[in-house]
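Presented as structure tokens, the chain that follows is alone, the form predicted on its own.
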Amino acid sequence: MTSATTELNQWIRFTPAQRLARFAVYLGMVAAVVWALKTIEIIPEFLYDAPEQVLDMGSRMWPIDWANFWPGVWPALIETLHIAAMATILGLCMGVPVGFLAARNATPFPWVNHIARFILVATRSISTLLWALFFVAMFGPGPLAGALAIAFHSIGFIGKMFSEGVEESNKRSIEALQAAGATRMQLIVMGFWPQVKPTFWSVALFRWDINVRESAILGLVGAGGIGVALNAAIDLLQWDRVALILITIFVVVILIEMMVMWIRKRVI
């Protein structure tokens, strides 16, 4: 076999154009990282003693102030769970109807679909902390602002997942109901809902899990919950209480994760 034939039979993974495109992507990523490092102005002197600062912080957090759990942390923890539950219920009440309106097979009106999808994108694009700042300014600090902030942020997530579940529904059962003369409400109740019910409960449980985690930090901006106790402990330099609150949040998140997994196996 000649050398020319060998060159023709040689397998090449990427064409020259593809290799050039990959190189451009890698170069752009490196340039973005360098630009970001230059923009955020990292001070090397603050990084040199970082291990010492971590050890010093750990020594301040020990021993943990376990005695403050019942009078200080427990009421704030219960308030956090209530905020998450109320936010999940409100998010479902607002997100599910918008999700139906965004689904093209359930709502065959393009202009309604576009408006609903705009609502989903708009509510999801604003972070929970920004929603919390807005509602704190409107209603004042407290759990109401936190519940509304998480609920409005949940609309985009719940509505998007629910609309995708509706659009993946079996068309034949819907067409059979339409042929039988079913009304729009009957199509939703007897056609779409039985098919998207597992999606609904899955999204509800997953969003509740997320809302518990988000409600734990909203207190940093005055939106109630255990974050208020955390912020107060940090401001007062009570690092032993900070350690207690952090451990409490970690344990609660793990327990809720286990609970959600158990419910999903039993119910869905």
Partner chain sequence: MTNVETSMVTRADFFRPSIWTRLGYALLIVYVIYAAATLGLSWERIERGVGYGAKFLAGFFPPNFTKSDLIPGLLESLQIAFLASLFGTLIAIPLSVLSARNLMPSFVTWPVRIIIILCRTFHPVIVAIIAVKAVGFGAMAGVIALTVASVGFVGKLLAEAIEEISKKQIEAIRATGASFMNTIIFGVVPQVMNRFIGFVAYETDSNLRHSTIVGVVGAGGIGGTLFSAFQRYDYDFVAGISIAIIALVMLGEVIQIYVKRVFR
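Numbering follows the first chain given and starts at 1. We call the rigid core the largest set of C-alpha positions that still match within 1.5 Å between the two forms. Given the structure is predicted, the values throughout are model-derived calculations rather than measurements.
Not on display, but discussed next: the form predicted in complex with its partner chain.
Among the residues Ile115, Ile126, Ile188, Met94, the one placing a heavy atom within 4.5 Å of its partner chain in the predicted complex is Ile126.
Screening 96 to 104, 67 to 75, 164 to 172, 133 to 141 for residues having heavy atoms within 4.5 Å of its partner chain in the predicted complex returns a single hit, 133 to 141. Within 4.5 Å of its partner chain in the predicted complex, a heavy atom is found for none of Ala176, Leu205 and Arg264. Contact annotation: Ala232 falls outside 4.5 Å of its partner chain in the predicted complex, judged by heavy atom distances. Mapping the unseen interface onto this chain, Thr39 counts among the residues with a heavy atom inside 4.5 Å of its partner chain in the predicted complex. Looking at Leu236, you'd find every heavy atom of it more than 4.5 angstroms from its partner chain in the predicted complex. In the predicted complex, none of the heavy atoms of Ile155 sits within 4.5 Å of a heavy atom of its partner chain. Counting a residue when any of its non-hydrogen atoms is within 4.5 Å of its partner chain in the predicted complex, the hits in 21 to 36 run Ala21, Arg22, Val25, Tyr26, Ala32, Val33, Trp35, Ala36.
The two forms, fitted on the rigid core, differ between this form and the one not shown by 2 Å or more at the CA of Ala21. Core-superposed comparison between this form and the one not shown: the C-alpha position of Leu237 differs by less than 2 Å. In this overlay on the rigid core, Ala67 has a C-alpha that sits less than 2 Å away from its partner position between this form and the one not shown.
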